[in-house]
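Following this are structure 1 and structure 2, which are two forms of one protein chain, each written alone as structure tokens.
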Structure 1
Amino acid sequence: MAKYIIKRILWAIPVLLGVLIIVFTITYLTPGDPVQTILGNGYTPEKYAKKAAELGLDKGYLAQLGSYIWNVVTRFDFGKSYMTNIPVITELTTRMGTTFSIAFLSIIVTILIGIPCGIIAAIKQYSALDYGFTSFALICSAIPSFVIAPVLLVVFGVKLRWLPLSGLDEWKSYILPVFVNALGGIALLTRMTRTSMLETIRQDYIRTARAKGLRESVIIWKHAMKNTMIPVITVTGSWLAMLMGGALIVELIFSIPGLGTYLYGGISNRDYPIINGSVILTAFIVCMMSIVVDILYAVVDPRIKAQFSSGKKKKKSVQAAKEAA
């Protein structure tokens, strides 16, 4: 297991380096002049040259890229904002907790609602509950979050006045952003869990367990659940990046001071250090989430353990994989 975790962490390094290079290149090639934006109209060539040298923009592409990578890797220095002159890392560390809390709570809500709904829909196939959960999942997956969010704001914030309209001043402020961000994941996880559970409960070992007289609850939770979770965890891992990106969009809609609003401000002002730092940090968080999901996948699926075990442990893992199949 340790070898598997180390391998996944090592794979994340070139991914993050690739993201850093791509994002820096895009901002470098983007039309517009940050120096001119900062100085405004009426500047002299001397002032322009001085400001460009101060920001390090008087060098060529490779020199700027090399210097940026060196600062990020060795000192975690993403530069300073062109507009406020505040270090980007300071703002990122302040805002990161807000964005991560929304994304993390969205994941929890997605799992707590999506998996049980999918299991119930599979067990009660062709029942009213099955049709209800399936229809709800299809509707939620068809409507984007930026369409649902204003509707919920009007209903629960303006008309009923049950929930705050913006900010994160109290625990109620998390309800709408988290629910809106998790809605698409709930729809996907419900459908995926239902499909996987239906496939699992039709296997021969489930029929054998029923023939032995085991209770249906024991069959579902002890025998079928583990094999059902293997494809579900895979889907959940691919959805984490979308939940993180959704958290950034939700912050704009609900005026939450997180990475999303910070990134949007950087894009609006052509503040390239903010853009680069925000995207790189988001990519890092997504990579860490993916590693956690991969570890959970290895715990659930004994075939992955078998690839990174040796001796007696490998034989036991192979035997467990054969029994699970």
Structure 2
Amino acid sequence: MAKYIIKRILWAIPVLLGVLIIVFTITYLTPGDPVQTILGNGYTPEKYAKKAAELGLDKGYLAQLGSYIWNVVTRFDFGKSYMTNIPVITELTTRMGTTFSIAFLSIIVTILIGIPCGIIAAIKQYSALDYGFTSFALICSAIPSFVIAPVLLVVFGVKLRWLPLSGLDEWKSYILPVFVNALGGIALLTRMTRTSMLETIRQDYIRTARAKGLRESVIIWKHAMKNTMIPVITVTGSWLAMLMGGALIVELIFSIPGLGTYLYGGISNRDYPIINGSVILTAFIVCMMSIVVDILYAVVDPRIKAQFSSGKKKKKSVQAAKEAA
């Protein structure tokens, strides 16, 4: 198992390198010149040349790519923002904390609400609860977050004055952004869990469990849950990866200085170091998240774990059985 994890992590490196090269190339080729953006219009050729040399943009493509990769690999130096001169790595690490905290809170709320709702909807299929939950999920995913967020702001921030509207000064500030993020996730997770659970309880082994005389609740929680979780883990993992990359709309509307707005600003200004650095970080998050998801699969489904286990495991289980007998 450990060998597998190490192998996956090592595989992430060429993936990240590939992402780096592709993103670098795309931003290089996109129309729009950071030097022009900084200088505005009406500059002289000399001024342009001077600024370009300052930013290292006068060298050829390969030279720029080469020096960038070298800096990243040897010193974790992602360069400095052309606009603000702040080192990208500094900004990324600061904003990571903000974005990740919201992401983790959101996913916890999503899981706590989404999964039980999906399970209830599946168990009581065709009942009022089922229709209620699935309709709610549909509405939540149909209404975009940039509509929900301002509405909530107006209701809770302006009219009722219960919650702060922007920034992350106090714990109350987290409520609305987390909630808006969670709504989208809940919609997704409810539907996913419901579908998966419906499929699972139709399986033969559930019938066997019933024939053993077990109570419905035990059947759901002990026999059906683990099997239901596999597609749910996939979906949750990718949702969390997306949130960790920075949910842009939420960050914009609630004025949260996170990774999403950082990348957005970078793109508008053609601030290449910001764009490249943010994308690499996002790619890294996605790689790590997929490794975590794979590990969780192995935890939940022993058939998958069996692919990784070595001889050691078998010996251990034999020992245990012998002791039990």
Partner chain sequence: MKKLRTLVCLLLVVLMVLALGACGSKKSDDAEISKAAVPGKEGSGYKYDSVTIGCSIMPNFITGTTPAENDGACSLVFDEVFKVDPVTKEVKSEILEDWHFEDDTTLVMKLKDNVYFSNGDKATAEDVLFSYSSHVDRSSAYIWEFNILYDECEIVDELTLKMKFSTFYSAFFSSYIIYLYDKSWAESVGWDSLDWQKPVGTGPYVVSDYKIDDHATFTARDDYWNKDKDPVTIREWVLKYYKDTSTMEMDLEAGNIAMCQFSASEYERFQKDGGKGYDVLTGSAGVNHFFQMGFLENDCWYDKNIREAFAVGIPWDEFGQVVLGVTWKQATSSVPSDSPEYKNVGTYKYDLEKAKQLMTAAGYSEEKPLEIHTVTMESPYFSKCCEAFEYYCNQMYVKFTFDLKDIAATINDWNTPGSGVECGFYYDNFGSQDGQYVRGLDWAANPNGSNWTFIDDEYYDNLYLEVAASTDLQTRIAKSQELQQYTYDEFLAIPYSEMTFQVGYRTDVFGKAQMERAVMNSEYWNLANMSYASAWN
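In this text, rigid core is short for the largest set of C-alphas that superpose within 1.5 Å between two forms. What you are looking at is a predicted structure, and each value in this text was computed from that prediction instead of being measured. Residue numbering: structure 1 sequence, from 1.
**Q** Have a look at both and say which one is the form predicted alone.
**A** Answer is structure 1, the other one does not fit.
**Q** Taking 2 Å as the cut-off, check whether the CA of Ala49 shifts that much or more between structure 1 and structure 2 after a rigid core fit.
**A** Moves: yes, 2 Å or greater.
**Q** By the 2 angstroms cut-off, has the C-alpha of Gly60 moved between structure 1 and structure 2 once the rigid core is superposed?
**A** The answer is no, as the C-alpha of Gly60 shifts between structure 1 and structure 2 by less than 2 Å after core alignment.
**Q** Rigid core fitted, is the C-alpha displacement of Gly245 between structure 1 and structure 2 2 Å or more?
**A** Yes, its C-alpha moves 2 Å or more.
**Q** Rigid core superposed: how many angstrom does the CA of Tyr262 shift between structure 1 and structure 2?
**A** Its C-alpha shift, to one decimal, is 2.7 Å.
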